[in-house]
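Shown here is one chain on its own, the form predicted alone, set out as structure tokens.
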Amino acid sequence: MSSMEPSGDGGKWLDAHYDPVAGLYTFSSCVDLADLSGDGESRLVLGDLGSGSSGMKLKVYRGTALMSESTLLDLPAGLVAFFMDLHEPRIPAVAVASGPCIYVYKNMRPYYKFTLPGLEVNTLEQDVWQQVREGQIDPLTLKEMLESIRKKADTPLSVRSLRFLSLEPDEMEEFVQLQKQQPIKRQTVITCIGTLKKSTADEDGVSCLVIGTECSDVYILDPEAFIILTKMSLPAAPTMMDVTGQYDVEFRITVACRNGNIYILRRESDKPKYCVELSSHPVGLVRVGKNMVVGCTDESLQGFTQKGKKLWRVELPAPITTMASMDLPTKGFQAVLLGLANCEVHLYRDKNLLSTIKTPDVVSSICFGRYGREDGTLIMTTKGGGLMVKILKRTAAFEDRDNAPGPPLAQSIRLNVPKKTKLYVDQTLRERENGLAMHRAFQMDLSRLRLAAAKAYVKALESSLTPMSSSLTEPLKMNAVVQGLGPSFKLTLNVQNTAACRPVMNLAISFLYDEGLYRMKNPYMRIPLLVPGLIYPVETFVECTSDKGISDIIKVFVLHEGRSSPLLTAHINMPISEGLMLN
């Protein structure tokens, strides 16, 4: 057993085991805990992906030691432990979804193999391969015809034809000779798998298998005869699912699909009952009570009701790598475990962060449950193939601390509202009796307010009283800055041409002011050519000639030569000259 770095979790978890070179490469969908021997001790069952092209195995761990392993023919897409009959002793079977097949193991020995029904083959594709079989067309012609069928036909091509199209010209002849005598088959593959209780909700009750396929179908299989009980259709291929209820009573299947939406299937319909549209694609789906928690690729965690209403959203510090539920029935505790790309595992209950576990490597799969004889065991595998086992302390207590920005948790506490007073009742009666007249009076005042605002706006546009020009040919913007204490002030006008690519020329600035209060050296000045996007400062000096301690407004007009109306106007509120007041 290897030592680990401090996990920074507040002392709630015990570090039971860490093997950085266990060589386990898997995901949360391929990990489960089950009592496979009937002795009361749960084993860890996982589907190891190996190198991705070879070395796929079904492994069983007891404690920290590898108990058994079986070779898999294809990459596992999911793994579940379920009870398929009522025989004693009560030992669950293990179903491994791999390619188009489900491999069922009982007592960790191969027991049954279920293959998905074949799909309809394109008739045009069959005719083309028939011509090849009869020697009527060569491989190059076959390639052109298959490419034409793929572009126009509604039914996708078979795997054989797709593989043929990906070959180099010198490899086509050999491929055709090997395959032309074989019948054409089109087969889908399994993308996700789950279990659904048959008739009772008992922990050791018989369960049906629920599988999602690449052809956007969901099948419910009988646990004993392995026949299809129900077939449901989705708008897109499913990637994750969560199942609750009983098949004979009422059930609900929540499915995350590849189009970025979540669909909810129910017993009475073969089409989705509800649809939840997400802002980004889901990477994890967990049900907590009657609500569902979804992790998305935009580094967010969102909560929804079972009908699809959004409840909350939490921003995360890093992308999600895996998700799993944490259910502790002895304490009535349910939460969500998140593996993040920054080598952390976060524990959330609703939108509240309860605990943070730091890991030596990025976590690729999480499983929580009974392992051995310990109920609160957290099992994780890492991106580098490591295996970590942590045990929740019996004294651990989690506090709901709302770390998310927004209103505090106390705001949701219901206030003790006093009883209705006689004044309140009288006012309510008056509003009920005179509601029509009050509404008309309010609408009249609102209309007058809108009319007054519109008139003022039109007047400002007609008289160019705004700091921005309304002309499309000379779009200008100007702001003014006054500096100094007096009696001399520095007045800076920042003029900008907001056009995209058209310069503005032949402009001038004129000042209008009270000559009894102020004196300017240049009350009229020309502006050079204005290049789009640049800010041109125009500076002048204003001298206050009055010693009465008063100030006035200086009006600034931006003019175009040959026109009487200004392009824009600015009113500058001059400050009181403090220099003359001191004298």
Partner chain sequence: MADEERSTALTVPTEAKKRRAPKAPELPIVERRNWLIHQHYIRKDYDTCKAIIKEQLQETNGMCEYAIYVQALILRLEGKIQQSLELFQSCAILNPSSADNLKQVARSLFLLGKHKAAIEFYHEAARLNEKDWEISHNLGLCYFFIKDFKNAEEHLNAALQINKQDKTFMMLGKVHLLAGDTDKAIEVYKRAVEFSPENTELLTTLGLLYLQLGKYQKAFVHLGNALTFDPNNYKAILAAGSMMQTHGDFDVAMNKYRVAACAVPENPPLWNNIGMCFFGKKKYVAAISCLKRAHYLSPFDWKVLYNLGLVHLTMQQYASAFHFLSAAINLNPRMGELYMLLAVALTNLEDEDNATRAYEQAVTMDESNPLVNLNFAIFLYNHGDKKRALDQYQEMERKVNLLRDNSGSFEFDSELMDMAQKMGTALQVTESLVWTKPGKDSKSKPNSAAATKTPGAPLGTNQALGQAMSSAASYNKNIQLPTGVSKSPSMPLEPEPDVENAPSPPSDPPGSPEPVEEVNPKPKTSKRKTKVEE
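Numbering follows the first chain given and starts at 1. Only the largest set of C-alpha atoms that superpose within 1.5 Å between the two forms is called the rigid core. Quantities reported herein were computed from a predicted structural model and do not represent experimental measurements.
The same protein also exists as the form predicted together with its partner chain; that form is not shown, yet it is the one meant from here on.
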Of 418-426, 265-273, 506-514, 388-396, which is the one stretch near its partner chain in the model of the complex, taking non-hydrogen atoms within 4.5 angstroms as near? 418-426
Exactly one residue in Asp248, Glu431, Glu134, Asp127 has a non-hydrogen atom within 4.5 Å of its partner chain in the model of the complex; which is it? Glu431
Only one of Arg448, Arg440, His87, Arg373 has a non-hydrogen atom within 4.5 angstroms of its partner chain in the model of the complex; which is it? Arg440
For Arg160, is any heavy atom within 4.5 Å of its partner chain in the model of the complex, or not? yes
I'd like to check something about Pro100: if you look in the model of the complex, is any of its heavy atoms closer than or equal to 4.5 Å to a heavy atom of its partner chain? yes
If we define contact as a non-hydrogen atom of the residue within 4.5 angstroms of the partner, is Pro76 a contact of its partner chain in the model of the complex? yes
Although the partner isn't part of this model, could you tell me whether Val283 comes within 4.5 Å of its partner chain in the model of the complex, counting any heavy atom of the residue? yes
Contact test, all of Leu178, Thr191 and Pro319, partner its partner chain in the model of the complex, heavy atom 4.5 Å: yes
Since the partner is left out here, which residues of 24-49 would have a heavy atom within 4.5 Å of its partner chain in the model of the complex? Tyr25, Phe27, Leu49
Superposing on the rigid core, I want to see if Glu125 changes position between the shown form and the other one - specifically a Cα shift of 2 Å or more. yes
For a quick test of reading the superposition: does Glu277 move by 2 Å or more at the CA between the shown form and the other one, rigid core aligned? no
Can a Cα shift of no less than 2 Å be assigned to Gln179 between the shown form and the other one, given superposition on the rigid core? yes
